[in-house]
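A single chain comes next, written as structure tokens; it is the form predicted on its own.
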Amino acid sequence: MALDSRWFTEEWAEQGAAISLEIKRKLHEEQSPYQRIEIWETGTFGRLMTLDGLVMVTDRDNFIYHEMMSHPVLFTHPKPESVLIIGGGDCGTLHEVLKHPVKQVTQVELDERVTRVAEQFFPALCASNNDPRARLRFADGIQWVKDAEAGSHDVIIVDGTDPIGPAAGLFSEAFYKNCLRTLRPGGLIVGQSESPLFHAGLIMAMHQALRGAGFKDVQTLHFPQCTYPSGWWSATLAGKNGSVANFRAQDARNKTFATRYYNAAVHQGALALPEFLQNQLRVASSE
């Protein structure tokens, strides 16, 4: 039976499932040039941002996603100095990246209103927006990478939405080829890759597209994310040269900043894939 108006519900129609969060009130709503942005105050998850009716971020569990989108790739690269974030409008990933001794981080977000609304309602996520190493640019990330200077970045983080509409291009071989050109030798890319349980086909397609673009090693890591479809999420990491399974474990163990989820053991464990996903990725690699 349907829940009443006290609940925000996101339906995962293809899976015959949904998630509901108890809400107290709506704090904000607007239609940007690209999407409907809403902010809710929930009963137990703090503030919630939705875009076109889909959960993007909550106060309670966003730290898992943002830490896993940033620290594994940065502790895998031997010396990341220049980082490019595509998407990431809520700025949580930017905040985590800037905990590292990087020299410059460029964030390219299509919808400026997402960032401005996040600055108002999620100030903790935006606490590093004025860091002198941060550059916020509001533009099409796909075109930005296409136009970027060759060898201009060490790490690219693709913190985009679901592969629907304009974001679908962030999962294409053509986009990954431009990312490969943009990366310096030894460079790394990581992109959110949806649910291992619900979207294994997408993960397989990402592996094929990354390898087709010329990336030498591709690995998927996984982590819990209770407000995203299935409560289980992933990011897929690829290296321009060499293996992405090795990382600076000692540096991760001795990190000089606080995290709430990520540590060296979590990093290693996240790369251990369940059997069904390993089998499907073997099929993808052989095609």
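The first residue of the shown sequence is 1; numbering continues from there. Predicted, not measured: the structure shown is a model, and the values here were computed from it.
Separately, the form predicted together with a small molecule exists; it is not shown, and the next lines address it.
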Is it the case that Asp154, Gly186 and Gly239 all touch the small molecule in the predicted bound form, with a non-hydrogen atom of each within 4.5 angstroms? no
Counting only heavy atoms and a 4.5 Å cutoff, which of 258 to 266, 226 to 234, 245 to 253, 22 to 30 contacts the small molecule in the predicted bound form? 226 to 234
In this chain shown alone, the residue from Ile203, Ile142, Val117, Ala213 with a heavy atom within 4.5 Å of the small molecule in the predicted bound form is Ile142
Is it the case that Glu96, even though its partner is missing from this view, gets within 4.5 Å of the small molecule in the predicted bound form, heavy atoms only? no
Gln219 near the small molecule in the predicted bound form, any heavy atom under 4.5 Å? no
Taking any heavy atom pair closer than or equal to 4.5 Å as contact, tell me whether Pro78 reaches the small molecule in the predicted bound form. no
With a 4.5 Å heavy atom cut-off, would you call Thr161 a contact of the small molecule in the predicted bound form? yes
